[in-house]
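Single chain ahead, written as structure tokens, the form predicted alone.
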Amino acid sequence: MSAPRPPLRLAVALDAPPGSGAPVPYDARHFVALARLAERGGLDFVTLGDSFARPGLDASAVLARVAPATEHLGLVPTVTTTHTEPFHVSTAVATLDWVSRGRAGWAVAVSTTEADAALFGRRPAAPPAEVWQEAGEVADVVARLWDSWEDDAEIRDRASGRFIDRDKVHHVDFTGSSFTVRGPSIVPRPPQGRPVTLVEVPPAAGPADAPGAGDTADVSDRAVREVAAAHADVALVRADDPQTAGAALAELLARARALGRDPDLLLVLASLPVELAGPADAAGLAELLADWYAAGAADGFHLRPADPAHDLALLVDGTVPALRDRGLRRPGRPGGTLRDHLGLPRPASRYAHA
């Protein structure tokens, strides 16, 4: 007898799609209000996009402001790894995990434009496949930095004057294709051990080693999928139909298995645009999500509202209750961290028994 399938995971983007014409909010209260609404609806997490070129506030900083205004909601900013020091990525996401008490994630992104490169002036823009290879290295070393403090490395013993157990703080010695990292993190191990890592991948194009795949599959797309299969806890797949989403899910799990990962530790969410005119649309969306989930197309959904201020209320008050009525969403949360929400275990530090 097979185990019952867990409730579908559900997340939403707080930012309007690029090019939508929506005004760019510069008041954090806008995002706090949306996040509280998403929390009232019992969503697992929210995402907030970012890039060097877009106008607007820094996503990590905004969600650090949202953290104390919420209690349960997972908070996932986009973090660009190109031109950014991996050490700073590690500390920023770890800090968000601390201030949110274990509700942080990060969505890995890259930059390939000369305009972005000119902002830093260190090197010219690189091809997508190259920066995605670098992004995989960043994801790797960031996880190592989070692991560099064992969970019980902090002593804080006034009597002995000892703050840390130096035997439980480990040096990372990592050499990537374009950077090196030496030494431990300056932030103790985050509450989740490793905050949740997300990667958005293009739809499936078939296994990289399948006959003919090398002729048709885009090299950069394959590089993105390799990063997701190797490092992501959650992959987001934009797809127009359940067959495409299901193919992406199967491909990513096969790649993860080939890399020696437990495929059960990689969740694949279909990322869908949403524009709701009213309650009937919200109920219809619930039917669509239920049908995709029943078809095995995804482990859940990441919804991208055309107008978050309008659509999110309809999602919370129409779509989510309809999913609960179908038994596809639980009424509460199984724990306090984002990993708990998603059903992902807390990883042990790789250095704990070194």
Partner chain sequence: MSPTSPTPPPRKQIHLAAHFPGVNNTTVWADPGSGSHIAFPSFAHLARTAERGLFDFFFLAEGLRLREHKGRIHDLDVVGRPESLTVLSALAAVTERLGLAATVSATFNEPYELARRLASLDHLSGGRAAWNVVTTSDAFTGENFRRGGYLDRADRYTRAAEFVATARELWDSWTADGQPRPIAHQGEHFTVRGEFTVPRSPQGHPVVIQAGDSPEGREFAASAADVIFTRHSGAEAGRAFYADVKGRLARYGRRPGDLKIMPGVTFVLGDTAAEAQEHAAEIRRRQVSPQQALLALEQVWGVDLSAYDPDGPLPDIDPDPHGELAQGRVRIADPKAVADKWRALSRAKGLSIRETVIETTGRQSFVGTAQDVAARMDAFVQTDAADGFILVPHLTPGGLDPFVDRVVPLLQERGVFRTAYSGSTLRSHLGLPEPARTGGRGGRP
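Just so we're clear, the structure is a prediction, and the values are computed from it rather than from any experiment. Numbering follows the first chain given and starts at 1.
FYI, the form predicted in complex with its partner chain isn't displayed, but the following is about it.
Q: Counting only non-hydrogen atoms and a 4.5 angstroms cut-off, does residue 64 reach its partner chain in the predicted complex?
A: Although its partner chain is absent here, residue 64 would touch it in the predicted complex, with heavy atoms inside 4.5 Å.
Q: Does residue 54 reach its partner chain in the predicted complex, with heavy atoms at most 4.5 Å apart?
A: Judged by the heavy-atom cut-off of 4.5 Å, residue 54 is in contact with its partner chain in the predicted complex.
Q: Can any non-hydrogen atom of residue 126 be found within 4.5 angstroms of its partner chain in the predicted complex?
A: No, residue 126 stays farther than 4.5 Å from its partner chain in the predicted complex.
Q: Give a yes or no for residue 250: in the predicted complex, does one of its heavy atoms lie within 4.5 Å of a heavy atom belonging to its partner chain?
A: Residue 250: no contact with its partner chain in the predicted complex.
Q: Scan 134, 281, 140, 233 and let me know which has any heavy atom within 4.5 Å of its partner chain in the predicted complex.
A: Contact check passes for 134.
Q: With its partner chain left out of view, which of 119, 258, 265, 219 would have a heavy atom within 4.5 Å of it in the predicted complex?
A: The residue from 119, 258, 265, 219 that makes the contact is 119.
Q: Could you tell me which stretch in 193-201, 221-229, 90-98, 236-244 has residues with non-hydrogen atoms within 4.5 Å of its partner chain in the predicted complex?
A: Answer to the contact question: 90-98.
Q: Of 229-248, which residues get within 4.5 Å of its partner chain in the predicted complex if you count heavy atoms?
A: Heavy-atom contacts within 4.5 Å come from no residue here.
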